[in-house]
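Heads up, the chain below is alone and in the form predicted on its own; it's given as structure tokens.
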Amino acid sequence: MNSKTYKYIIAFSILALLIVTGLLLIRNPAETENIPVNKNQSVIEDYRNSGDRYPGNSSQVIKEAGMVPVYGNWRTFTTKDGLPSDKAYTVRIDGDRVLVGTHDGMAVYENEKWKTYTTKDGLAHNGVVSVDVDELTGDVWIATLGGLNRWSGGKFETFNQLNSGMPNDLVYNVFCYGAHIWVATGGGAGHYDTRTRQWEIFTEMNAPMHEPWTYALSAGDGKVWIAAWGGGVIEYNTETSQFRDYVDPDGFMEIDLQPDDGVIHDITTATAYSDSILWVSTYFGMSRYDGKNWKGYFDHDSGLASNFINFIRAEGKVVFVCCDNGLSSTDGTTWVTYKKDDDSENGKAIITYGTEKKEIPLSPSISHNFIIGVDACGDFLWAATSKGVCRGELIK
């Protein structure tokens, strides 16, 4: 590794740690992208001052967005509503309730009320950065900055390096796959079999990783995909126990030299798998892999809000992308991006198809453009931001 490459890795490592610990949660308005301004500003103002949720014909909006859903009538929840902190890191929909990880504990939204759980209730750490639900048992698994929790039957069980086979107590992501629980930590990826109660640890010593720092995971069709810092994507076949890595083929850390030749960058932040498509996010853009061909997306040639991506989640054919300058969603062709205005609670949804763009004014909009967590189910889209958690309703 040359000195220049090493400097890049160190610089982005520090930046990533600041993001996860909640210290980098305010974006300079001067850095926002130059989105084309709607020439008919009076129409937008008339809409915002009216009682209508959406301008024009809702069916036309849906037609223009194609397979990608559009959400509006956004509502923001903060400490004034019952959240323990406005710094929200993750959100997961669990039936009739919503689980939100914040800087100061986990908040559960049920029956239009919030309830908070902290270390006093049994959490390993108040910094909750990832939550997932075991579909087989209903247990809630919680990744914190000080260990892993299983919330079952109203009780919290803690897994850490002292009482289990956890690779590290700094847990960035947890993912439930059947009876198996996978974690991405600062000391490698971990696999816990809930039936045998046995742990496996994967690091650069026994897997094709550049270093043991792993960010996030996803799984499906007998495979697990690990976003490894500086090592691209590590694929693990659960049937053969064999690994395969996907890295940027051109070997350049600074640029994506050859388009659509593989993962666009080796510094990956998350993976998401759905509908036989693997999505990979980085701090330099996003990639799509259909098992045969790769496709790269950037903010200058698509509707992506920003190349700096914190997290992604795929539902069906659509992936939701958490950026540092807005929230995007796409099926790979059509894009819907949500951005808040700098000077008010309003914002817009930007529908992009090829070179064509259409802006839909939203009042109110998302609470902040720094998005770090997202989940969608049915008629609702939830987003974790640095100024609370937001809920959008599907435009029908």
Partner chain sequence: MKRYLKLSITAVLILAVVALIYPPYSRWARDHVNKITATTDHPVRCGSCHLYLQKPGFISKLVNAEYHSPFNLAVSEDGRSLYVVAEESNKLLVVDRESRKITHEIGVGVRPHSIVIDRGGKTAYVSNQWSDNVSVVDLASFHVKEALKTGNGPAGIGLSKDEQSLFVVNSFSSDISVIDLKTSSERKRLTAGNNPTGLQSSPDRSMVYITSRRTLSKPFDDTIRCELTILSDGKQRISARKDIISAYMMENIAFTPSGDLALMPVVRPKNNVPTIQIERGWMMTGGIAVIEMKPEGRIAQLLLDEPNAYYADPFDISVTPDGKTAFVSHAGSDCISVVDIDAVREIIAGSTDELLEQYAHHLGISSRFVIKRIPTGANPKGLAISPDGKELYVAEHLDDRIGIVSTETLEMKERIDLGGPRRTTVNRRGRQLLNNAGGTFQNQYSCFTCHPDGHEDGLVYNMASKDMGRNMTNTQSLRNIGDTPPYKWNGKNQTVYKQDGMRFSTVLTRNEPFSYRDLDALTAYIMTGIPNPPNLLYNPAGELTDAQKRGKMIFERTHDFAGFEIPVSNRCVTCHPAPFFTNLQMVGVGTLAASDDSILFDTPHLNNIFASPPYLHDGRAATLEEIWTIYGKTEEHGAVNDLTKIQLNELIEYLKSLRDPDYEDGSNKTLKAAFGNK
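Positions refer to the first chain, counted from 1. Since the structure is predicted, the reported quantities are computational estimates derived from the model, not experimental observations.
As for the form predicted together with the partner chain, it is not shown, yet the points below apply to it.
Trainee: Contact with the partner chain in the predicted bound form for residue 166, defined as at least one heavy atom pair within 4.5 Å: yes or no?
Mentor: Yes, residue 166 is a contact residue.
Trainee: Contact with the partner chain in the predicted bound form for residue 245, defined as at least one heavy atom pair within 4.5 Å: yes or no?
Mentor: Contact check for residue 245: no, nothing within 4.5 Å of the partner chain in the predicted bound form.
Trainee: Looking at the partner-bound form in the predicted bound form, is residue 135 within 4.5 Å of the partner chain by any heavy atom?
Mentor: Heavy-atom contact with the partner chain at 4.5 Å: present for residue 135.
Trainee: Closest heavy atom of residue 153 to the partner chain in the predicted bound form, within 4.5 Å or not?
Mentor: Residue 153: contacts the partner chain in the predicted bound form.
Trainee: Taking 4.5 Å between heavy atoms as the contact cutoff, choose which of 195, 120, 300, 113 touches the partner chain in the predicted bound form.
Mentor: Of 195, 120, 300, 113, the residue with a heavy atom within 4.5 Å of the partner chain in the predicted bound form is 195.
Trainee: Among 73, 238, 161, 79, which has any heavy atom within 4.5 Å of the partner chain in the predicted bound form?
Mentor: When the partner chain is considered in the predicted bound form, the option within 4.5 Å is 161.
Trainee: Heavy atoms, 4.5 Å, the partner chain in the predicted bound form: which of 101-109, 135-143, 122-130, 273-281 makes the cut? Say which one.
Mentor: Selected stretch: 135-143.
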